[in-house]
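Consider the single chain below, provided in structure tokens and representing the form predicted alone.
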């Protein structure tokens, strides 16, 4: 790899994008970051950072100008609490972002384009059992994603494939399986399950009220991949010759109840679970990593417990710092109430 390569990371103000920018800079690349916002929890390491709305064609031309490679991470997204109630917004915004960014990259002569898809592309009918059979890449068809987020990801996978075959831009496609870690959103409605549970457990520990809310019966299952493995996998796939969609995630299946207990153990407390109505997504989802191992001769290495320990410690520090900033008992009580909440009707627009 040449150190002269110039790289664009879209969504660089987000969780994965911010980590990816840092990793690319450590390897000597010149990096431009683009997003609607700056990173929230750590300043960007990008050489250049532009605040641009990538739903707009002109902004995509500006963003992709003069770069050799694009890592396309920009998306309007969040956890199940956001995805389940914002289908039209997600489909509208992300289709515009995806089509305009890819087309602008092609017109500006970008050599390689990395698209971040999701395990949400897999059919709902394969994920109705908590003891789900791990999902293989070819099982995305016949298509039946559960929600609009999965449909827009699947459509853009096809778009990338046709741009590669017909227009010559080298595209790479990854399907993320539940990425988590420090510096990610941990409150506000867009956070995902590991961050939300870390926040709730931290509040339980710091207040002495050990009851936490969990959506549904908590027996829904997932696999979770730590951010450092995610960033390593992204770059290995980008440098590979493999053009088809590829899973990137851990293949260790765990229920949400078990995840909550694991986090509580890391925090050193016992919790009481209060199961409440709320969006749960598919009943079970797990990554089949056979092709990942075959293609990259690698798979995620960081254990769930180690990754959660790092994530929980960071989120507990965030919660503790926020509590200290409360100017009165009333402000503190309101903060605790909000942090314990399982509100899932977020309707923020970008």
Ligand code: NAD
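Residue numbers count along the first chain shown, from 1. From a predicted model like this one, the values you see are computed outputs, not experimental measurements.
Just so you know, the form predicted together with ligand NAD exists too; it's not on screen, but the next bit is about it.
*Asks:* Identify whether ligand NAD in the predicted bound form is within 4.5 Å of every residue in the set 74, 97 and 192, based on non-hydrogen atoms.
*Replies:* Yes: each residue has a heavy atom within 4.5 Å of the partner.
*Asks:* Between 176, 187, 163, 151, only one gets a heavy atom within 4.5 angstroms of ligand NAD in the predicted bound form; which residue is that?
*Replies:* Contact with ligand NAD in the predicted bound form is made by 176 alone.
*Asks:* Have a look at 250, 247, 116, 171 for me and say which one sits with a heavy atom within 4.5 Å of ligand NAD in the predicted bound form.
*Replies:* The option sitting close enough to the partner is 116.
*Asks:* Examine residue 52 and determine whether its closest non-hydrogen atom to ligand NAD in the predicted bound form is within 4.5 angstroms.
*Replies:* Yes.
*Asks:* Contact between residue 69 and ligand NAD in the predicted bound form at 4.5 Å, heavy atoms?
*Replies:* It does not: once ligand NAD is placed as it appears in the predicted bound form, residue 69 has no heavy atom within 4.5 Å of it.
*Asks:* Check residue 36 for me: does it contact ligand NAD in the predicted bound form (non-hydrogen atoms, 4.5 angstroms)?
*Replies:* Contact check for residue 36: yes, within 4.5 Å of ligand NAD in the predicted bound form.
*Asks:* Counting only non-hydrogen atoms and a 4.5 angstroms cut-off, does residue 24 reach ligand NAD in the predicted bound form?
*Replies:* Answer no; every heavy atom of residue 24 is more than 4.5 Å from ligand NAD in the predicted bound form.
*Asks:* Want to guess which of 105-113, 176-184, 199-207, 260-268 is within 4.5 Å of ligand NAD in the predicted bound form, heavy atoms only?
*Replies:* Of the options given, it is 176-184.
*Asks:* Given a 4.5 Å distance limit between heavy atoms, list every residue of 10-34 close to ligand NAD in the predicted bound form, or none if there are none.
*Replies:* Counting only heavy atoms within 4.5 Å of ligand NAD in the predicted bound form, the contacting residues of 10-34 are 11, 13, 14, 15, 16, 17.
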